[in-house]
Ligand SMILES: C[S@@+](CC[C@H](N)C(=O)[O-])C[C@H]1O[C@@H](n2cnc3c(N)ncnc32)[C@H](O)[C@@H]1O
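Just one chain follows, in the form predicted on its own, and it is written as structure tokens.
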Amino acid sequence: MTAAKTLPSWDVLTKHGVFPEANHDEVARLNFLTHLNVHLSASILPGVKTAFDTQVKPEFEKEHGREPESRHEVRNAMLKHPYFQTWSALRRNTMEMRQQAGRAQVLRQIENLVEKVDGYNQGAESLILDDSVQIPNNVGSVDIHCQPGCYYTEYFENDVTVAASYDLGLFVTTAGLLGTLSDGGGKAVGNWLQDNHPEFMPKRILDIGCTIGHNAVPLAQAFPDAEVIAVDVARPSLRYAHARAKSMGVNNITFIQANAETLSQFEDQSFDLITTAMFWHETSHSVMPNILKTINRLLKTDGLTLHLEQPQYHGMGVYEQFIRDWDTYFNNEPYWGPMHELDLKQSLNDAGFNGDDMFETGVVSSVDEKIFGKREAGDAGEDYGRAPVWNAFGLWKR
């Protein structure tokens, strides 16, 4: 792959009404980080596997008289190898630099951004914030993705710093493969439903963990006659998400600050479709079961719940488990590994569903021809957790 010839510039992103502006140097900085990310995944990462196969694994076998039996044994052995150390440090630093670059870009124009957001949000009944909502420990105990302030920190009244930084920085990690609005996941769900269940026309949709609306907006566009409810605990993200949607002319979404472990404001069996996108690995062993029980309570009979995630570890070799597990230890996502080793059918059973009804399917982000022309999403190479290819799981409630 010749990344320098195929990667688009950050500046191709759609400039919706509250998107942060960028000067020449800011665009150049974000493009450098994007190219570095792709170089690490396409050119450097294969060498980690070579180091494992040719040096680390034989040394482990010599010492223990057997092959590594778990991803943890692989990790502990690989931590000593300089090639892995170099790749891992660069990958971590690229994420940290993405966050700091986005933060600096947003903060230099934050007053103007807040004014724009407030203009869209003023007096809107479709934005409901609740001061009583507490940040749960799984969100508040770590700056997820190394983003200072995570999704929820407010530095002043009506602040949207963390949300705007998240919006502009996603391109760096995904190299544009989520499209000009970084909404490839939500579009993929809409396309999957249209292709596989064209008769399904949900009238009420719930998107849990919506952050800035990357999943909720394309669902609202795919089903313009539906009422979409998007919930999150993070006030800055919700303010920004609501203004972002309004600036795009999407008016059938209500953004609500709420903890999805309860959602007592909604009646039983009141939603036809309940979705999440790359959400579960940011919960916990105590939170995830509660939210699944909430979904079971809220989902109508014959309704669909569908969730985009990276694939579970079951059936994978220990090396692939190890390399996918990198985010658990080095990207401030401590529940990544524990979530991906769960028995999802059992988790659904425990929540009151029939786990045998669960299905899994591959969902691939739609390639945005405005960015790439006609090409496949996979052309940029697998980055084990960052490529826009998901293992969707879900079920129809019977």
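A residue's number is simply how far along the shown sequence it sits, counting from 1. Because the structure is predicted, anything quoted here is derived from the model rather than measured.
What follows is about the form predicted in complex with this ligand, which we do not show.
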- Message: Since the partner isn't included here, can you check whether this ligand sits close to all of Trp10, Glu21 and Thr161 in the model of the complex (heavy atom within 4.5 Å for each)?
- Response: no
- Message: The chain here is shown without this ligand. Which stretch in 219 to 227, 311 to 319, 260 to 268, 68 to 76 comes within 4.5 angstroms of it in the model of the complex, by heavy atom distance?
- Response: 260 to 268
- Item | Selected contact from Ala234, Leu273, Ile295, Ala243, since only one has a non-hydrogen atom within 4.5 angstroms of this ligand in the model of the complex | Ala234
- Candidate from Ile205, Ala188, Leu177, Ala277 lying within 4.5 Å of this ligand in the model of the complex - any heavy atom: Ala277
- Message: Just checking whether Val250 would be counted as a contact of this ligand in the model of the complex - the rule being heavy atoms within 4.5 angstroms.
- Response: no
- Message: Check Phe171 for me: does it contact this ligand in the model of the complex (non-hydrogen atoms, 4.5 angstroms)?
- Response: no
- Query: Any of the heavy atoms of Pro136 lying within 4.5 Å of this ligand in the model of the complex?
  - Reply: yes
- Message: Just checking whether Met97 would be counted as a contact of this ligand in the model of the complex - the rule being heavy atoms within 4.5 angstroms.
- Response: no
- Message: Where, within 173 to 195, is there a heavy atom within 4.5 Å of this ligand in the model of the complex? Residue list please.
- Response: none
